[in-house]
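Starting off, we have a lone chain in the form predicted alone, written out as structure tokens.
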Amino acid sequence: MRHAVRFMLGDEVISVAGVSPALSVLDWLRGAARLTGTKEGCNEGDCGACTVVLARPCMGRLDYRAVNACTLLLGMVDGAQVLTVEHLSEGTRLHKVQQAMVDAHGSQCGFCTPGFVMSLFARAKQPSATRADVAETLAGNLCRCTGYAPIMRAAAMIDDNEAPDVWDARSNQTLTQLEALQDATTLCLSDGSASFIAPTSEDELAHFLVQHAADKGAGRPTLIAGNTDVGLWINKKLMRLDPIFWLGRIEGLKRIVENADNIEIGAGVTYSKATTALVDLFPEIGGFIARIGGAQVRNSGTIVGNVANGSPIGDMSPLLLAAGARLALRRGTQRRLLPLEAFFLSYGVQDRAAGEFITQVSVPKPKAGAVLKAWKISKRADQDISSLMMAVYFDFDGTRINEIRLAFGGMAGVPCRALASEALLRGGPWTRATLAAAQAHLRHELQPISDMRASAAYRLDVACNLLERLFIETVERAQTRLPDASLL
């Protein structure tokens, strides 16, 4: 095993050992590295004040991504380049992103400014970046005093076609340095009381987990991919996790494979990487996925990770339930396939044995003419947890409903389907009369919860309203898409 995390900080290759496995990149930057431009705001991945940029080798080039440093553990930057706001300027010469913020008066108190700068810097490094995607780029950054108009003006002033910056000029050298850091040796960080373990193969991970499960005195292992959820356990609940297994160095889990009848998304595939494949299958869900966290969250968080934690308010599980997805699980050398709806047993409990982990989720391709629609109902459009989420797979031939799957998040203790209401609709006509019957049936079948986000009555009303929305979009206004349901 290797007992030091190796990465590039700016243009310097460094090695760090003997640190707490739970040490965040944010705390290491502000403490040991004394790079205090990166700020701590919410410390839970919402405000973007701690945004840094990671660059990793990808198909012969550097892939730059904005991420939240507060939920990123130091071990998770192994083999990557870390760039902070301090690395952008060359002496007294500001980077073009920084200069645009100055010229457009995009900063007031300045606390959030480094995070905005780093998000815009990462956007400028994307070859497909357009001016139209600025709002989505900055959705994960909050400003409390300046307001967003001058920041948006600054973004519009950035000329992506002007002369390369210093990082463009040294990209080949950086790529070579990062490729030299990639190895097949397991990384193990330990401070003597807890461990962070990052294997490099699926077989190795399976071996470690079975071995760990057999040790009756060992603590419960925590598997992380993007750490966007578990990071809050550490930062907010002050939980001590030992051991932590990170999936981020297992290339076999980062694959998206397209087959004749499905696509397979590995457990290490982030939202950002999976979005294109999912939207190609289901064009209606693009706007929905864009509302799952900000860009920083989608650059770190994974599709399978959102499913594996079993949260009743995780947005991907209802979407995948409606799509008819299946999970592939592994324990040692044993593998099994499981319909996603069978995975969620009760609140906080999933059908996963000790030492078992999810390797991928398989999403069937839709039948010709079928659609998958998803609606996220929350108090604000971006960076908010759903009060209710509903996803529908709908195959209607103009006369009868061939197939329908209704899935909900935020409705019960687990993501769920309305199986009885589906059966009522399946095979019948799609009329106002069947809509009314299905709405009445939903009110008896669903057993919603009441909590701080919504009452049970509200959730029932919204579920019925969204079913009516489906009817309007597919029958009464089949050629007209209604505005996105951001607020109800």
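All residue numbers are counted from 1 along the displayed sequence. It should be emphasised that the depicted structure is a prediction, and the values quoted were computed from it without experimental measurement.
The same protein also exists as the form predicted in complex with a small molecule; that form is not shown, yet it is the one meant from here on.
- Just one listed stretch, out of 333-341, 396-404, 351-359, 165-173, contacts the small molecule in the model of the complex at the 4.5 Å heavy atom level, and that stretch is 351-359.
- With respect to the small molecule in the model of the complex, the three residues D63, G75 and K254 uniformly fall beyond 4.5 angstroms at the level of their nearest heavy atom.
- I292 is the sole member of A155, I292, A374, L278 with a non-hydrogen atom lying within 4.5 angstroms of the small molecule in the model of the complex.
- The single contact residue among V230, A80, A325, V392, judged by any heavy atom lying within 4.5 Å of the small molecule in the model of the complex, is V230.
- Within this chain, L223 lines the site of the small molecule in the model of the complex, having a heavy atom no more than 4.5 Å away.
- Not displayed here, the small molecule is kept clear of L178 by more than 4.5 Å at the level of heavy atoms in the model of the complex.
- Using a 4.5 Å cutoff between non-hydrogen atoms, S201 does not count as a contact of the small molecule in the model of the complex.
- At least one heavy atom of E44 is located within 4.5 Å of the small molecule in the model of the complex.
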